[in-house]
Every structure is written in C-alpha cells, then in structure tokens.
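In structure tokens, one chain follows: the form predicted on its own.
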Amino acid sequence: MRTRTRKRVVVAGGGYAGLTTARRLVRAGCDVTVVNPNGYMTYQPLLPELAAGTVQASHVVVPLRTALGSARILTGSLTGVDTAARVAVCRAADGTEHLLEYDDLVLALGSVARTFPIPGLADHAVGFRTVEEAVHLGNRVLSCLELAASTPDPAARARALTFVFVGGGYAGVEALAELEDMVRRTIHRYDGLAMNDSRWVLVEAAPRILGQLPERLTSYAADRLQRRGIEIRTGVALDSLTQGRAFLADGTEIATDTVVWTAGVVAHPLLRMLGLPCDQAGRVLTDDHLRVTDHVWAVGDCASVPDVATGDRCAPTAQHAVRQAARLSRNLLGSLQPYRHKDAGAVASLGLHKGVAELYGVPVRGWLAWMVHRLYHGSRLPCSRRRLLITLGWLLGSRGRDPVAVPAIESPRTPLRDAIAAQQGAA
C-alpha cells in the first residue's frame, strides 16, 4: 500500500488571501482544494475604475483554475468543520454535499458588506462589492444621463442626476470620485445637460471621510472633492429609503434615483456559525502565527490577527491579506514564524489624475498619488496577463468608455421576450 506524502490543504475562500495562499502551496507540491462560490477571484480595489469604464470586467477577475493549475476548485461554500476528524463540509452549487478530509484547513472567507436595519435599504440601494454591482452601477449612472436628457419633467430630471453614496471609506470615496469624473468627461455629449445639473452627495456617519488616513490627507481629499461641487455630509447616517427618496438621520430629504451603499465590511457571518472563537466584529481569532486551533488557520479580512507593531489587531486590508497569505504558506510548509509587518501606508484615488497617499509616513497628493495608486494596484493583480492588459490600457491613455448605457446586459432575455410579445400582438 502506497503511503500518502502530499500535504492535503483545503482553502475555504478564493479571494486575494485564499488565492495567494493556495498558489504558493500548489507550487510547493501540496494537494490543494479551494472552495469558493465563484470560479474566479475579484480584485476589488479596481471596482471603482471598472464602474467608470477605465478598465474592463475581464481584467479585474482572475479564473482560479487558470491561476492555480493542479489545484482542485470546488464551486460551492463551506458549511461546517469537524476539527477532531479534520473534515470540512462543503455544499456545491448544485446542492450536493462534499466531505473534504484535510491535514490543514485555511479559512480565507473574506468579508461581506456591513449593513444595518435601515428601512428600504435592500429594495432601493446598490451595493459595491462585486463585479456585477460595479458594472450595474456604471450602467445605471449612464442610464440616468440618458433619462435626464430625454425627460421634460424637471423633478424626474433632478432625481436622475442626483447620486448619493453612503460610506466615506476607500470604496465610497473612490467609487464616487471615479463616477463623477466619468460624468464630467461625458455629460457635454447629452443635449441640454451640464455638469452643474448633477448633484453628488457623500454621507458618512463618522466625523470625517477616509478615516484610515492621517487627518491632513483626509482634509486635502475633502477639500478637493468639495471644489468639484461634491457635497460631503459627515456625522450623519442614512435613516431610510423609499422609491426616489433618501432620508438622513438629521431630517434631510434627498430626491434621488441612485443610492450606493459603501458603508464598510464585516467578516463573513459563517465564521460564527462554525463555532470558532470570534471577536466582536465576527472575525475568527488567531494567534500571531495565524493559527485558530490545531490544523485550522485563518488569513485576510475574516481573520483577527495580532498586530505586533501596534499591539492591536490587524486591519482588514488587502495589504495585510497578501502578506498574511505569504507568511501562512511558509508556516504550513514547516517554517513556523509569527506574522510581522511594516505598514507601507495607504493610497486612494480621487478620479483621473487625482489622489492622496501616505507612503511610509510621507504624505503624497495629486497626480503623483494617483500614479502611485495605479502602479501599486497594477502590480498587485495576481495574473501577469491581466497586469499587462491593465498597464497597457493606462499607458495608452484610456480615459474611459464611450457614454453608452447597456442596461439590457443585466436582463439578456428581455429583448427576445419583447420580440415574441410584439409579434404575437401583431398576429
């Protein structure tokens, strides 16, 4: 009987941390199974530029089967763990249950949008965590321009041209800035419309936007956004939504057809269901070696990892995710050491040729910060072909797509149904 020698590793989650960990283990000869709801990884920092049309959807997703070679990819979700028997229970897309034996289990489930019990949120807001949501939002903004250019109703026109973003972190600020820039570049092509007709509102419950950055940089970012006519409302929360109306907690009512929810993230709720130790934010607790318990490890947004530099816990950022993944893969291969890091800083885009950044404590603003943003994220994509495509598009001076809304892409069966109905009506 042949003795099994390859380490069996199940990686639950195919995001940045999961993909990076799995790729390193595959290269080391491990028997790797990746469980993920989709067959691809999404590079979320580029979603704002996808929404604005400066990059393409195919450029910000990485097929797991292409990136991971010999690894087994199971399209499904982790539903349970038997730590004593070392078995991960997974449910595939067709509903079948799989029992995956492992030598080590890596939890890299990532995060989901943080929500609150706000009336109307589920029915009237647009999220911003996935490729589908980013494409939808870009189409929605362009469709609003089309509507505003064609309607004779002043109230309908004002609602169509009012865009409210709830959440002033990186995602909210970058999404708003990129889309406002897209509209600024294209609105002159719509008869009767000017940039002054549009209204952009950023709502943040905290005292300031971009709270992860030093105050001097957030002040700079807020000033530059306000100079573009963007309204920034801090210290106030969204109270409720109805069709065509957003109500803030301070009593403000905003007539709008577009509300984008970017109010942060929380750890995947499955972690609490697994019975593992979690912090108040729902992230699974690890030691400084990224270990949860014997043969169970965690990395990325779903992990609460000690930060030896600050004495606190590591923030759920892409910077930590990729570094933790690199450290964990070495730990699993026998080089057991604690996770340590040196904070490189942070960077945020404020639209084309505009940005803010802090690099190793040095503040950077304007065009240089925007270039750092592009170079950093262009280099972080875990696929050489996509890095090349993104970089070439930027170097060739891509300023965004033509201003054409394609809403039918979200309901591809509608044209055929309409054609059938029209012909039956004419018969």
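Start at 1 with the first residue shown and count on from there. Every value quoted in this text rests on a predicted model; they were computed, and no experiment measured them.
FYI, the form predicted in complex with a small molecule isn't displayed, but the following is about it.
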property	result
Per-stretch contact check against the small molecule in the predicted bound form, the hit in 295-303, 115-123, 190-198, 219-227 (non-hydrogen atom, 4.5 angstroms)	295-303
Contact label in the predicted bound form: residue 317 to the small molecule, heavy atom within 4.5 Å	yes
Touches the small molecule in the predicted bound form: residue 171 (any heavy atom, 4.5 Å)	yes
4.5 Å heavy atom contact, residue 377 and the small molecule in the predicted bound form	yes
The small molecule contact at residue 33 in the predicted bound form, heavy atom, 4.5 Å	no
Heavy atom within 4.5 Å of the small molecule in the predicted bound form - the one residue of 182, 202, 267, 321 that qualifies	321
In the predicted bound form, the one of 354, 129, 136, 233 near the small molecule [non-hydrogen atom within 4.5 angstroms]	129
